[in-house]
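Just the one chain here, the form predicted alone, laid out as C-alpha cells.
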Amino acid sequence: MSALLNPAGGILLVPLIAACVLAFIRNYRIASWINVGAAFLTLLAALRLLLWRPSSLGSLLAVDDFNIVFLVLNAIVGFTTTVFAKGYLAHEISSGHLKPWHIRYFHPLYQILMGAMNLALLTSIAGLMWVQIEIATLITILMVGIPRTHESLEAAWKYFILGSVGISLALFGTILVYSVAQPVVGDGLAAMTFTTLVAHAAQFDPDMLNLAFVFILLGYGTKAGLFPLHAWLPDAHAEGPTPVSAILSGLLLNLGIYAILRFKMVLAANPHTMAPGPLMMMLGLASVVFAALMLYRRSDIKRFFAYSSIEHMGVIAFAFGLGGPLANFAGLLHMAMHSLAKSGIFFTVGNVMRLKGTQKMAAIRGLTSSHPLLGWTFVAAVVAIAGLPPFGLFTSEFLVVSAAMQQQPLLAGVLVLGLIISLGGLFWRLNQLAFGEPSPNAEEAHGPLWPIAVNLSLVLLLGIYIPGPVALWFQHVAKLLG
C-alpha cells in the first residue's frame, strides 16, 4: 500500500478508479468524457513521475530511466487515443455500425488495459510483469471482438489462441529463470526481481539461462508481432475498433519488446551464456523483409498498416539485437517514434474510413482533393511512418543502418533492402489513396485532427532536434541495455 502513495501511484490508481466508475456508467457520451479525463490525469501523473522520480517504491515497483520512457509514452498515446475514441465511437453508434450495448464495457476495459500496461512497466518482479501482460492481452482480445461481427469474433478468437501460446511460452521461460536463480539468491521475490537477477546472473547456470531466453524470446516475440509469430496481428488490427488498433500498434507491441529486453539484460550479465543478439537480429530482419513484401498484397487499409507495424517491430528487434550504444539508442528512439506515428496513422485512417464508408483501399481515392486538410495530414503521417526526413523515424532508421554498417555490413544490406521495398509499397498506396480523382464520400465531415497533430508534431520535433537532456537520457538507457 505504501508504494501506491508514491508519485507512481497515480499511474496505477487513476486507471483502477476510473475503470470501477466507468463500469456503472451506461451513457456512452458521459463515459467517453470520463475516459478522456482519466487518461489526462494519468498523463499528468506520468509527467510528474518523470520530473520527480522517487528513490524507492517498495519491493514490487521500481522506476528507472528505462521504464520511465515507456510510461510517459503510454500516457501520451493513451490520452490522444481516448480523444480520438470519443468521436469515433459516437460516429459508429450514430451511423448504426455499433450499438450502445456493443461498447458498454469499452471504456472500463480501456482503463484496465492502461493500468495493466503501466503496472507491467513499473513492476520490478518478472512474474508480476507476466501477469500484467497476460491481463493486457485478454483485455485487448475482448476489445477486438466489440463489433460482434463474424470477422471480429474470428479475429479475437485467433488472437486468443495465438496469444495464449505466446504467453505460455513466456511463462515457461520465466519459470526457468526463477529455477536457475533460486539456488543462488534463495526463494521468494528475490529470485524474480530484475535488479537481483542482473546482479547475480554471473552465478547462474548458463545453459538453463540460454534455454529460458529462447522461450522468453518466442513468447514475448509473439506479443511484439515478430515474424513468424505475427499471425494474430493483421486480423486483430483489421477487424477490431480503430482505437484498439492504435493501442495495439502504438503500445502493446512495445510491451513485448520491453519484456524481452529486461531478460536480455540478465543474459548479458552472464559471460558464459550465448549472445542473444543473433536471434533477435534474425527475427528482426525476417520481420522487416516479410512485412515489406506483404504490403504489396493488402487491400484493406487497416491490415496494410498492421503489416507496417510488423516491419517496424522488426527494425526495433534488429537494433536491440545488434547492441552497442548507438544501436540501442536508435532502437529506443525508434520505439518512441513508431508509437507516436503509428497511433497517429490509425487516427487518420479512422477518419478516412468515416468519410469513405469503407476499409477497402480500392474505394478510397483523391483525399487531398476531396478533403485537403485530412488528405495532407494523411500524406504527412505516411511520410513519417515511411522513415523520411524531417520526421524522427528517419533519424532512428539512419542510426540503425549506421550501426549495422559498422558491425554487420552484410546484414545492413538486407535491412536497407527491406526498408526500400517497404518505402515503395507505402508510396505506391499513398499515391492511390491521396491523389487522383476523388472517390464518392459516405459523409462530408470527419472527426477532430488535433490528436493526430499532437502525435505527428512530437515525431517531427524529435526528427529536427533532440533536446540535450533527452539525448543524454536515451544514451544512458542504451548503456544499460549493453
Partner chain sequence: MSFAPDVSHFLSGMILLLSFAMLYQDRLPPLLNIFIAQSLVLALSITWQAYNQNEPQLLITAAIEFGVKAVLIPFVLYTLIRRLKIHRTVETVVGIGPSMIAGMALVGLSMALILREHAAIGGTAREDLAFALSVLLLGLLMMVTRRNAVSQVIGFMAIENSLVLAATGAKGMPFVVETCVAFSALVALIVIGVFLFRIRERFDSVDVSILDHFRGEQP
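Positions refer to the first chain, counted from 1. None of these values were measured; they are calculated from a predicted model.
Unshown form predicted in complex with its partner chain; subsequent notes refer to it.
Query raised in the report: its partner chain isn't shown here, but in the model of the complex, which of 74 to 82, 88 to 96, 390 to 398, 125 to 133 has heavy atoms within 4.5 Å of it?
Result: Of the options given, it is 125 to 133.
Report task. With its partner chain left out of view, choose which of 336, 197, 156, 349 has a non-hydrogen atom within 4.5 angstroms of it in the model of the complex. Result -> Spelling it out, the residue with a heavy atom inside the cut-off is 156.
Query - Heavy atom within 4.5 Å of its partner chain in the model of the complex - residue from 369, 402, 358, 182 - result: Among 369, 402, 358, 182, a heavy atom within 4.5 Å of its partner chain in the model of the complex occurs only for 182.
**Report entry** Candidate site 65, 256 and 262: all three near its partner chain in the model of the complex by heavy atom within 4.5 Å
**Finding:** Verified in the model of the complex; spot residues all out of contact, no.
Requested in this report: Using a 4.5 Å heavy atom cut-off, state whether residue 406 contacts its partner chain in the model of the complex.
Outcome: Although its partner chain is absent here, residue 406 would stay clear of it in the model of the complex, with no heavy atoms inside 4.5 Å.
Requested in this report: Flag residue 161 as yes or no: does it have a non-hydrogen atom within 4.5 angstroms of any non-hydrogen atom of its partner chain in the model of the complex?
Outcome: It does: once its partner chain is placed as it appears in the model of the complex, residue 161 has a heavy atom within 4.5 Å of it.
Query raised in the report: Counting only non-hydrogen atoms and a 4.5 angstroms cut-off, does residue 278 reach its partner chain in the model of the complex?
Result: Although its partner chain is absent here, residue 278 would stay clear of it in the model of the complex, with no heavy atoms inside 4.5 Å.
Report task. State yes or no: in the model of the complex, is some non-hydrogen atom of residue 188 no more than 4.5 angstroms from a non-hydrogen atom of its partner chain? Result -> Because a heavy atom of residue 188 falls inside 4.5 Å of its partner chain in the model of the complex, the answer is yes.
Query raised in the report: What residues in 405 to 436 sit within 4.5 Å of its partner chain in the model of the complex, counting heavy atoms only?
Result: None of them.
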